[in-house]
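The chain below stands alone and is given in C-alpha cells; this is the form predicted alone.
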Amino acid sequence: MKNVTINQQILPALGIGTWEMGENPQTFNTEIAAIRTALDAGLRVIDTAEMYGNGQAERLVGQAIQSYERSQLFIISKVLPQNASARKMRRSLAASLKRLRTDYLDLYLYHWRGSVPLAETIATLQALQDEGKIRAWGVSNFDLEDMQELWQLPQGNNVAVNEDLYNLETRGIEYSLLPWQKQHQIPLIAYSPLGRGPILGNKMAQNPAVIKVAQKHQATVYQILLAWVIQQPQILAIPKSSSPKHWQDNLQALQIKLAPADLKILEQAYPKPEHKEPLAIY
C-alpha cells in the first residue's frame, strides 16, 4: 500500500474527501456507509471543512466515526478566511470539534487566503497547536508565492501540508510549486483527483490514453486516475465518494503500480506544464 507521512504519522496515500456530503437527508445513511467502508478497509484520513454544507459534512463525519478508535483516525478540517482571525478562529474550531464529536483535530487547514493578515492566522494556528487543540496545521489553495511568504513568517516552517487541486488534466502546480514543496519536505493533499463536473473526471475518463492504460491493468479509468496522482511520493489524494461500492473500487488504486511506459502514454495525452500557470481552484 502506498503511504505518505504527515506530521510524523505514516498514512495511506488515499484519504476520504467529504465535499458536498451530508447535505441530503435521503443519502445520509449511504454516505455514512461509504465512509465506514473506506475506514474498514484501512484508510485513516478524513478531510472535511466548516464550509462544506455549512457544517453538515462535519456532522456526517462525527456520526460516521463514533464506533472507531479515535487515535487510529486522522481528521482534517478547515477554517474559512473570514474566521481566520485570532478572535474568530477559536470559535470556529470549537464549533467544528463539536460537530465532529472529538476534542482535537489531527490537522487544521487555512482554507484559502482572505483579508486577515497571514501572520495573524499562522500565529493563531500555532497557538492552537501548542495548546493541544490541534496536532498540526497547514494551508489550502496556496500557490508558490503564498508558500514562500508563509515560510518567512515566525514558525511558518511548521506548516504540515498544502492542499491544492491536482489531477492528470490539472498539472499546473508541477511547474514550480510541487518542486518547492518537495525541496522543503511539505506533502501535498490533492483534492478533486478525479476531476470535477457533471460526471466526475468526465473528459479524463473518456480519454483513449487513460482507457488504454486501464485496460492494460484490468482496472477502471478512475483507479488509474487515482493511481497516477499517488504514484508520486508524499501526495495524498482525497476523492469524495458517497457510495460504498465506489470506495471498494477506489481502494484498488493503492495496489496499482504504473510503469514508465504507462506514465509516458498518460503524459502524451496530458503533458507537463512548460510555464507557470495560475493556481487552479474549484
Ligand SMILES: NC(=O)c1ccc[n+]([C@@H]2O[C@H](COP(=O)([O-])OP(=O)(O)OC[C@H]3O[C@@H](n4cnc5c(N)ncnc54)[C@H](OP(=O)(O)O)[C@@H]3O)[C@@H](O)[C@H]2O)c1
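Computed from a predicted structure; not experimentally measured. Heads up: residue numbers just count along the shown sequence, starting at 1.
Another form, the form predicted together with this ligand, is not on view; read the next lines as being about it.
- May I ask you to choose, among 173, 122, 93, 194, the residue with a heavy atom within 4.5 Å of this ligand in the predicted complex? Flagged contact: 194.
- Contact residue in the predicted complex, from 181, 129, 141, 85 (heavy atom within 4.5 Å of this ligand): Only one listed residue qualifies here, and that residue is 141.
- Check 22, 98 and 104: does every one of them have a heavy atom within 4.5 Å of this ligand in the predicted complex? Negative, none of the three is within 4.5 Å.
- Task: May I ask you to state whether residue 43 is within 4.5 Å of this ligand in the predicted complex, using heavy atom distances?
- Result: Contact check for residue 43: no, nothing within 4.5 Å of this ligand in the predicted complex.
- Message: My question is simply whether residue 111 lines the interface with this ligand in the predicted complex - judged by any non-hydrogen atom within 4.5 Å.
- Response: Yes, residue 111 is a contact residue.
- Query: Going by a heavy atom distance of 4.5 Å, is residue 232 a contact of this ligand in the predicted complex?
  - Reply: Because no heavy atom of residue 232 falls inside 4.5 Å of this ligand in the predicted complex, the answer is no.
- Message: With the partner left out here, check for me: in the predicted complex, does some heavy atom of residue 47 sit within 4.5 Å of this ligand?
- Response: Contact with this ligand, yes.
- Answer range among 252 to 260, 211 to 219, 60 to 68, 239 to 247 for contact with this ligand, defined in the predicted complex as heavy atoms within 4.5 Å: This holds for exactly one stretch, 239 to 247.
- Item | Contact set, 1 to 27 vs this ligand in the predicted complex - heavy atom within 4.5 angstroms | Stretch hits, in order: 17, 18, 19.
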